[in-house]
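Only one chain is shown below, in C-alpha coordinates, and it's the form predicted alone.
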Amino acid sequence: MKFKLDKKDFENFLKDLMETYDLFAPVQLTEGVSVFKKIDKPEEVNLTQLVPQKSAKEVFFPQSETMFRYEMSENQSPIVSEQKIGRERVLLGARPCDIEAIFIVEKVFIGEDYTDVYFLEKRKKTTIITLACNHPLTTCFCSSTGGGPFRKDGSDLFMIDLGESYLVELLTEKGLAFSKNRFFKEAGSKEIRLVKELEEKAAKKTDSSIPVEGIEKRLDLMVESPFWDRIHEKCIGCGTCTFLCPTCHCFDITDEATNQKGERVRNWDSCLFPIYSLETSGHNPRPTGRERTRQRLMHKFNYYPKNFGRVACVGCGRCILYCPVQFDVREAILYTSSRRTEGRKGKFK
(Lines give C-alpha, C1' and ligand atoms only; values in the text may rest on other atoms or scores of the structure.)
Protein backbone atom coordinates (compact mmCIF):
# COMPACT_ATOMS: atom_id res chain seq x y z
CA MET A 1 0.00 0.00 0.00
CA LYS A 2 1.41 3.38 -1.05
CA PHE A 3 0.46 6.78 0.32
CA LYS A 4 1.59 10.38 0.10
CA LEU A 5 2.46 12.41 3.19
CA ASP A 6 2.72 16.16 2.56
CA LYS A 7 5.64 17.81 4.34
CA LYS A 8 3.37 20.58 5.61
CA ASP A 9 1.61 17.87 7.65
CA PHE A 10 4.79 16.17 8.83
CA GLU A 11 5.09 17.90 12.21
CA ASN A 12 1.47 17.11 13.06
CA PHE A 13 2.05 13.55 11.89
CA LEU A 14 4.90 13.32 14.40
CA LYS A 15 2.73 14.79 17.18
CA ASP A 16 0.13 12.12 16.53
CA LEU A 17 2.82 9.43 16.62
CA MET A 18 4.11 10.66 19.96
CA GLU A 19 0.67 10.32 21.54
CA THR A 20 0.81 6.56 20.98
CA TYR A 21 4.50 5.69 20.65
CA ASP A 22 7.89 6.62 22.06
CA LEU A 23 9.48 8.18 18.98
CA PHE A 24 13.19 7.76 18.15
CA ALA A 25 14.68 9.74 15.27
CA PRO A 26 17.87 11.56 14.22
CA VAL A 27 18.58 14.77 16.13
CA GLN A 28 21.28 17.38 15.57
CA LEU A 29 22.93 18.12 18.91
CA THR A 30 24.43 21.51 19.76
CA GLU A 31 27.91 19.99 19.44
CA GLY A 32 27.18 19.34 15.76
CA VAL A 33 26.81 15.59 16.23
CA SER A 34 23.77 13.83 14.80
CA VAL A 35 22.40 10.93 16.87
CA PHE A 36 19.26 8.84 17.20
CA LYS A 37 17.44 9.62 20.45
CA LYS A 38 13.99 9.66 22.01
CA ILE A 39 12.12 12.71 20.74
CA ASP A 40 10.61 15.18 23.20
CA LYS A 41 9.39 17.73 20.64
CA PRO A 42 8.59 17.13 16.93
CA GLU A 43 10.82 20.00 15.84
CA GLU A 44 13.84 18.08 17.14
CA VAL A 45 13.62 15.59 14.26
CA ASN A 46 16.27 16.27 11.62
CA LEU A 47 16.16 14.15 8.46
CA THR A 48 18.64 16.24 6.48
CA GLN A 49 21.85 14.38 7.37
CA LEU A 50 22.27 11.32 5.21
CA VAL A 51 24.49 9.40 7.62
CA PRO A 52 24.16 10.57 11.25
CA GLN A 53 27.44 10.06 13.11
CA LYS A 54 25.90 7.56 15.53
CA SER A 55 23.75 4.84 14.04
CA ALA A 56 20.24 3.64 14.84
CA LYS A 57 21.82 0.59 16.53
CA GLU A 58 21.74 2.59 19.76
CA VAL A 59 17.93 2.44 19.85
CA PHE A 60 18.21 -1.33 20.48
CA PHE A 61 21.71 -1.64 21.93
CA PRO A 62 22.44 1.56 23.93
CA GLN A 63 25.99 2.77 24.45
CA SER A 64 25.42 2.43 28.20
CA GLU A 65 22.56 0.31 29.52
CA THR A 66 21.52 -0.65 33.05
CA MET A 67 20.58 -4.33 33.04
CA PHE A 68 19.29 -4.54 36.60
CA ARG A 69 19.50 -2.80 39.97
CA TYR A 70 19.89 -4.32 43.41
CA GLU A 71 19.87 -3.27 47.06
CA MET A 72 21.07 -5.18 50.11
CA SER A 73 18.46 -5.35 52.84
CA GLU A 74 18.37 -7.73 55.83
CA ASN A 75 20.79 -10.21 54.25
CA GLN A 76 18.81 -10.19 51.01
CA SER A 77 19.50 -8.44 47.72
CA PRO A 78 16.30 -8.13 45.67
CA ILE A 79 16.97 -7.51 41.99
CA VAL A 80 14.90 -5.22 39.78
CA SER A 81 15.33 -5.95 36.06
CA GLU A 82 15.40 -3.09 33.56
CA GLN A 83 14.50 -5.19 30.52
CA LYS A 84 10.80 -4.26 30.29
CA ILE A 85 9.77 -1.55 27.83
CA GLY A 86 6.54 0.28 28.65
CA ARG A 87 5.16 1.86 25.47
CA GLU A 88 5.39 0.74 21.88
CA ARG A 89 8.15 2.53 19.97
CA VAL A 90 8.77 3.94 16.49
CA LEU A 91 12.20 4.31 14.89
CA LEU A 92 11.90 6.99 12.20
CA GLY A 93 14.34 8.25 9.60
CA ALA A 94 17.04 5.58 9.65
CA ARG A 95 18.51 4.77 6.22
CA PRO A 96 18.38 1.28 4.68
CA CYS A 97 22.00 0.51 5.68
CA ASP A 98 21.22 1.16 9.36
CA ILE A 99 18.13 -1.06 9.22
CA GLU A 100 20.14 -3.84 7.59
CA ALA A 101 22.75 -3.43 10.34
CA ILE A 102 20.11 -3.95 13.04
CA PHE A 103 19.38 -7.37 11.58
CA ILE A 104 23.10 -8.20 11.51
CA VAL A 105 23.38 -7.40 15.22
CA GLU A 106 20.10 -9.21 15.88
CA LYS A 107 21.58 -12.50 14.65
CA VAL A 108 24.11 -12.26 17.47
CA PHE A 109 21.73 -11.14 20.23
CA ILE A 110 18.73 -13.29 19.27
CA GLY A 111 19.97 -16.73 18.24
CA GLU A 112 19.14 -20.38 18.67
CA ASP A 113 21.54 -20.83 21.58
CA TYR A 114 21.19 -17.44 23.25
CA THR A 115 18.64 -14.64 23.46
CA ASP A 116 19.49 -11.26 24.91
CA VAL A 117 16.22 -10.23 26.58
CA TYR A 118 17.18 -6.54 26.62
CA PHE A 119 17.68 -6.39 22.86
CA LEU A 120 14.68 -8.63 22.16
CA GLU A 121 12.26 -6.55 24.22
CA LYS A 122 13.21 -3.35 22.39
CA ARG A 123 13.10 -5.04 19.00
CA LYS A 124 9.64 -6.58 19.53
CA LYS A 125 8.14 -3.25 20.55
CA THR A 126 9.60 -1.14 17.74
CA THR A 127 8.02 -0.21 14.41
CA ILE A 128 10.61 0.83 11.83
CA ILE A 129 9.96 3.68 9.38
CA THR A 130 12.93 3.78 7.02
CA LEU A 131 13.93 6.77 4.87
CA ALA A 132 15.40 6.03 1.43
CA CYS A 133 18.75 7.52 0.34
CA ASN A 134 18.13 9.80 -2.63
CA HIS A 135 21.71 11.13 -2.67
CA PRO A 136 24.27 8.60 -1.40
CA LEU A 137 27.65 9.97 -0.37
CA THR A 138 30.88 9.12 -2.18
CA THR A 139 31.86 7.02 0.85
CA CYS A 140 28.71 4.85 0.57
CA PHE A 141 29.27 1.33 -0.79
CA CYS A 142 26.11 -0.46 0.35
CA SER A 143 25.63 -1.91 -3.13
CA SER A 144 28.87 -3.84 -2.68
CA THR A 145 27.70 -5.45 0.57
CA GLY A 146 24.32 -6.61 -0.72
CA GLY A 147 22.27 -3.55 0.18
CA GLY A 148 21.09 -0.49 -1.69
CA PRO A 149 19.83 3.07 -1.12
CA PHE A 150 16.20 1.97 -1.64
CA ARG A 151 16.42 -1.46 0.03
CA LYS A 152 13.23 -2.16 1.99
CA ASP A 153 14.14 -5.35 3.86
CA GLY A 154 13.54 -5.01 7.60
CA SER A 155 11.29 -1.95 7.27
CA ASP A 156 7.67 -1.79 8.41
CA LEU A 157 7.10 1.46 6.52
CA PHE A 158 9.33 2.90 3.82
CA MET A 159 9.52 6.65 3.12
CA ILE A 160 10.91 8.36 0.03
CA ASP A 161 11.52 12.12 -0.09
CA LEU A 162 9.76 13.53 -3.16
CA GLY A 163 10.54 17.19 -2.45
CA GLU A 164 7.24 18.62 -1.21
CA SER A 165 6.02 15.31 0.17
CA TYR A 166 7.01 11.78 1.13
CA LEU A 167 5.80 8.63 -0.53
CA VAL A 168 5.10 6.10 2.24
CA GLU A 169 4.82 2.38 1.55
CA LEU A 170 3.31 0.04 4.16
CA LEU A 171 5.19 -3.26 4.12
CA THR A 172 4.32 -5.36 7.17
CA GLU A 173 1.53 -5.98 9.65
CA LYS A 174 2.99 -3.28 11.88
CA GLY A 175 3.08 -0.97 8.87
CA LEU A 176 -0.52 -1.69 7.91
CA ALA A 177 -1.60 -0.35 11.29
CA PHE A 178 -0.90 3.09 9.76
CA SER A 179 -3.28 2.59 6.81
CA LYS A 180 -5.96 4.78 8.40
CA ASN A 181 -3.58 7.59 9.34
CA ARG A 182 -5.36 10.90 8.83
CA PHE A 183 -2.36 12.50 7.09
CA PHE A 184 -1.89 9.76 4.49
CA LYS A 185 -3.35 10.38 1.04
CA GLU A 186 -3.45 7.86 -1.78
CA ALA A 187 -0.33 8.07 -3.94
CA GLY A 188 -0.87 8.71 -7.63
CA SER A 189 0.96 7.62 -10.75
CA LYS A 190 2.99 10.85 -10.72
CA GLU A 191 4.51 10.06 -7.31
CA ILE A 192 5.20 6.44 -8.25
CA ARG A 193 6.99 7.48 -11.47
CA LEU A 194 9.13 9.95 -9.53
CA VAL A 195 10.11 7.24 -7.05
CA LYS A 196 11.37 5.05 -9.89
CA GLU A 197 13.49 7.90 -11.27
CA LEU A 198 14.96 8.68 -7.83
CA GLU A 199 15.78 5.03 -7.21
CA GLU A 200 17.59 4.66 -10.54
CA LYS A 201 19.65 7.81 -9.91
CA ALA A 202 20.58 6.76 -6.38
CA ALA A 203 21.65 3.28 -7.51
CA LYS A 204 24.18 4.84 -9.90
CA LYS A 205 25.81 6.81 -7.06
CA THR A 206 26.68 3.91 -4.78
CA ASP A 207 29.99 2.10 -5.17
CA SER A 208 29.30 -1.48 -6.25
CA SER A 209 32.89 -2.24 -7.26
CA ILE A 210 34.24 -3.33 -3.87
CA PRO A 211 34.96 -7.09 -4.10
CA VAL A 212 33.26 -8.31 -0.94
CA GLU A 213 32.04 -11.64 -2.31
CA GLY A 214 34.29 -14.49 -1.24
CA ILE A 215 36.42 -12.28 1.01
CA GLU A 216 36.22 -14.77 3.90
CA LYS A 217 38.04 -17.36 1.76
CA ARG A 218 40.72 -14.87 0.75
CA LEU A 219 41.25 -13.87 4.38
CA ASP A 220 41.67 -17.53 5.37
CA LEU A 221 44.90 -17.46 3.36
CA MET A 222 46.10 -14.18 4.88
CA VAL A 223 46.14 -14.80 8.64
CA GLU A 224 49.93 -14.48 8.83
CA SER A 225 50.32 -12.21 5.82
CA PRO A 226 52.73 -9.20 5.90
CA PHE A 227 49.60 -7.28 4.83
CA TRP A 228 48.67 -6.83 8.50
CA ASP A 229 52.08 -5.35 9.29
CA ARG A 230 51.44 -2.54 6.85
CA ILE A 231 47.73 -1.98 7.23
CA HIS A 232 47.81 -1.33 10.98
CA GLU A 233 50.55 1.34 10.76
CA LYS A 234 48.04 4.06 10.04
CA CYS A 235 45.54 3.08 12.74
CA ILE A 236 45.94 4.90 16.09
CA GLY A 237 43.50 2.61 17.91
CA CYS A 238 41.10 5.39 18.90
CA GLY A 239 38.01 3.20 18.44
CA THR A 240 36.06 5.82 16.47
CA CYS A 241 35.24 3.33 13.72
CA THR A 242 33.97 0.70 16.15
CA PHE A 243 31.79 3.10 18.14
CA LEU A 244 30.23 4.62 15.01
CA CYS A 245 29.88 1.33 13.14
CA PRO A 246 26.23 0.17 13.03
CA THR A 247 27.20 -3.52 13.26
CA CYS A 248 29.97 -3.54 15.91
CA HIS A 249 28.58 -5.10 19.08
CA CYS A 250 31.47 -5.64 21.52
CA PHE A 251 30.58 -4.75 25.09
CA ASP A 252 31.82 -4.88 28.66
CA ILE A 253 29.71 -5.48 31.79
CA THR A 254 30.49 -3.91 35.16
CA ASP A 255 28.85 -3.76 38.57
CA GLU A 256 28.68 -0.21 39.92
CA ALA A 257 27.85 -0.15 43.62
CA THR A 258 27.79 2.36 46.47
CA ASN A 259 27.13 1.21 50.03
CA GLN A 260 24.15 -1.16 49.86
CA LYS A 261 22.92 -0.23 46.38
CA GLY A 262 24.22 -1.10 42.95
CA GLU A 263 23.50 -1.77 39.31
CA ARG A 264 24.89 -3.92 36.55
CA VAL A 265 25.74 -1.87 33.48
CA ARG A 266 26.57 -2.91 29.93
CA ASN A 267 28.80 -0.51 27.98
CA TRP A 268 30.10 -0.53 24.43
CA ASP A 269 33.70 -1.69 24.08
CA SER A 270 36.15 -1.98 21.19
CA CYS A 271 38.45 -4.75 19.98
CA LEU A 272 40.90 -2.00 18.99
CA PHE A 273 41.61 -1.18 22.63
CA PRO A 274 44.63 -2.96 24.22
CA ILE A 275 42.70 -3.68 27.42
CA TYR A 276 39.83 -5.39 25.56
CA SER A 277 41.66 -8.73 25.22
CA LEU A 278 43.93 -8.35 28.26
CA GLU A 279 43.69 -11.44 30.48
CA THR A 280 43.82 -11.48 34.29
CA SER A 281 47.23 -13.16 34.15
CA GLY A 282 48.60 -10.13 32.32
CA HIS A 283 48.88 -11.98 29.02
CA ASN A 284 47.38 -10.25 26.00
CA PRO A 285 46.76 -12.45 22.90
CA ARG A 286 46.49 -9.28 20.81
CA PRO A 287 49.45 -7.29 22.11
CA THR A 288 49.91 -4.87 19.19
CA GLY A 289 47.90 -2.90 16.67
CA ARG A 290 48.67 -5.57 14.08
CA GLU A 291 46.62 -8.22 15.89
CA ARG A 292 43.85 -5.82 16.87
CA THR A 293 43.41 -4.43 13.37
CA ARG A 294 43.39 -7.97 12.02
CA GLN A 295 40.75 -8.98 14.57
CA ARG A 296 38.38 -6.18 13.55
CA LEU A 297 38.58 -6.92 9.83
CA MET A 298 38.54 -10.69 10.28
CA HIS A 299 35.44 -10.47 12.47
CA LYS A 300 33.51 -8.46 9.90
CA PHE A 301 34.70 -10.22 6.78
CA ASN A 302 35.64 -13.73 7.91
CA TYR A 303 34.21 -14.92 11.23
CA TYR A 304 30.75 -13.37 10.87
CA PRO A 305 30.11 -14.55 7.28
CA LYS A 306 31.21 -18.06 8.23
CA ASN A 307 28.64 -18.07 11.04
CA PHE A 308 25.78 -16.18 9.40
CA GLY A 309 26.34 -16.25 5.64
CA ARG A 310 27.07 -12.57 4.98
CA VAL A 311 29.65 -9.93 5.89
CA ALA A 312 29.08 -7.80 8.99
CA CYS A 313 29.40 -4.58 7.02
CA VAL A 314 26.61 -2.58 5.35
CA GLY A 315 28.77 -0.05 3.49
CA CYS A 316 27.48 3.00 5.37
CA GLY A 317 30.91 4.64 5.14
CA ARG A 318 30.99 6.05 8.70
CA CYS A 319 34.38 4.47 9.42
CA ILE A 320 35.74 6.24 6.33
CA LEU A 321 34.05 9.59 6.95
CA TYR A 322 35.05 10.02 10.57
CA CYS A 323 38.40 8.25 10.88
CA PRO A 324 40.92 10.87 12.10
CA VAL A 325 43.73 9.31 10.04
CA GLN A 326 41.64 8.57 6.91
CA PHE A 327 41.86 4.80 7.11
CA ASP A 328 39.66 3.51 4.26
CA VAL A 329 38.25 0.00 4.75
CA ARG A 330 37.55 -0.20 1.02
CA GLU A 331 41.29 -0.11 0.37
CA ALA A 332 41.80 -3.05 2.70
CA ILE A 333 39.07 -5.06 0.98
CA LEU A 334 40.50 -4.27 -2.43
CA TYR A 335 43.96 -5.32 -1.30
CA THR A 336 42.70 -8.80 -0.48
CA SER A 337 41.58 -9.23 -4.07
CA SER A 338 43.36 -9.25 -7.39
CA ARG A 339 40.56 -6.99 -8.66
CA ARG A 340 41.96 -3.62 -7.60
CA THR A 341 40.64 -0.42 -9.15
CA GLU A 342 42.95 2.17 -10.64
CA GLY A 343 43.71 4.99 -8.22
CA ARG A 344 43.20 2.73 -5.21
CA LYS A 345 45.66 -0.11 -5.73
CA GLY A 346 48.93 -0.14 -3.94
CA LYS A 347 47.90 2.06 -1.02
CA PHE A 348 49.00 -0.58 1.48
CA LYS A 349 52.17 -1.58 -0.40
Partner chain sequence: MIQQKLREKAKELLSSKTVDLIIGYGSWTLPLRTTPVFIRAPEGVESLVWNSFCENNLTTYLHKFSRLKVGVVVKGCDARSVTALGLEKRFPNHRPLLIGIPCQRMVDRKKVKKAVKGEILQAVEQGELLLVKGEDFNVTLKREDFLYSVCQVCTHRTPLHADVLIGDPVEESPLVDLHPDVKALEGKSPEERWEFFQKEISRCIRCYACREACPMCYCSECFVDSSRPRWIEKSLSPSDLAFYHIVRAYHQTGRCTGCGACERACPMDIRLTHLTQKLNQEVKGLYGFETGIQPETLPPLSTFNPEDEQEFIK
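Residue numbers count along the first chain shown, from 1. Here the structure is a predicted model, which means the values were calculated and not measured.
Keep in mind that the form predicted together with its partner chain is missing from the display, and what follows is about it.
**Q** Flag this candidate site as yes only if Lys54, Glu256 and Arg330 all have a heavy atom within 4.5 Å of its partner chain in the predicted bound form; otherwise mark no.
**A** Per the other structure, all of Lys54, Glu256 and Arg330 touch its partner chain.
**Q** If we define contact as a non-hydrogen atom of the residue within 4.5 angstroms of the partner, is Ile275 a contact of its partner chain in the predicted bound form?
**A** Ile275 belongs to the contact set for its partner chain.
**Q** Is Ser281 close enough to touch its partner chain in the predicted bound form, meaning at least one heavy atom pair within 4.5 Å?
**A** Answer no; every heavy atom of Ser281 is more than 4.5 Å from its partner chain in the predicted bound form.
**Q** May I ask you to state whether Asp40 is within 4.5 Å of its partner chain in the predicted bound form, using heavy atom distances?
**A** Output for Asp40 is no: heavy atoms all beyond 4.5 Å of its partner chain.
**Q** Taking heavy atoms and a 4.5 Å cut-off, does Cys323 contact its partner chain in the predicted bound form?
**A** Yes, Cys323 is a contact residue.
**Q** Considering its partner chain in the predicted bound form, which of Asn307, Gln63, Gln295, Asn46 comes within 4.5 Å of it through any heavy atom?
**A** Result of the distance check: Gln63.
**Q** Can you pick the one in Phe243, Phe150, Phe109, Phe227 that has a heavy atom within 4.5 Å of its partner chain in the predicted bound form?
**A** The option sitting close enough to the partner is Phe243.
**Q** Considering its partner chain in the predicted bound form, find the one stretch among 78-86, 93-101, 227-235, 167-175 with heavy atoms no farther than 4.5 Å from it.
**A** Answer to the contact question: 227-235.
**Q** Taking only heavy atoms into account, state which residues of 21-59 are within 4.5 Å of its partner chain in the predicted bound form, ordered by sequence.
**A** Counting only heavy atoms within 4.5 Å of its partner chain in the predicted bound form, the contacting residues of 21-59 are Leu29, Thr30, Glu31, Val33, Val35, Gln53, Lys54.
**Q** Pin down for me whether the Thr138-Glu31 Cα distance shrinks or grows in the predicted bound form relative to this form (closer or farther, change of 3 Å or more).
**A** Closer in the predicted bound form, by 3 Å or more.
**Q** Versus the form shown, are the CA atoms of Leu137 and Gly32 closer or farther apart in the predicted bound form, given a shift of 3 angstroms or more?
**A** They are closer; the C-alpha distance drops by 3 Å or more in the predicted bound form.
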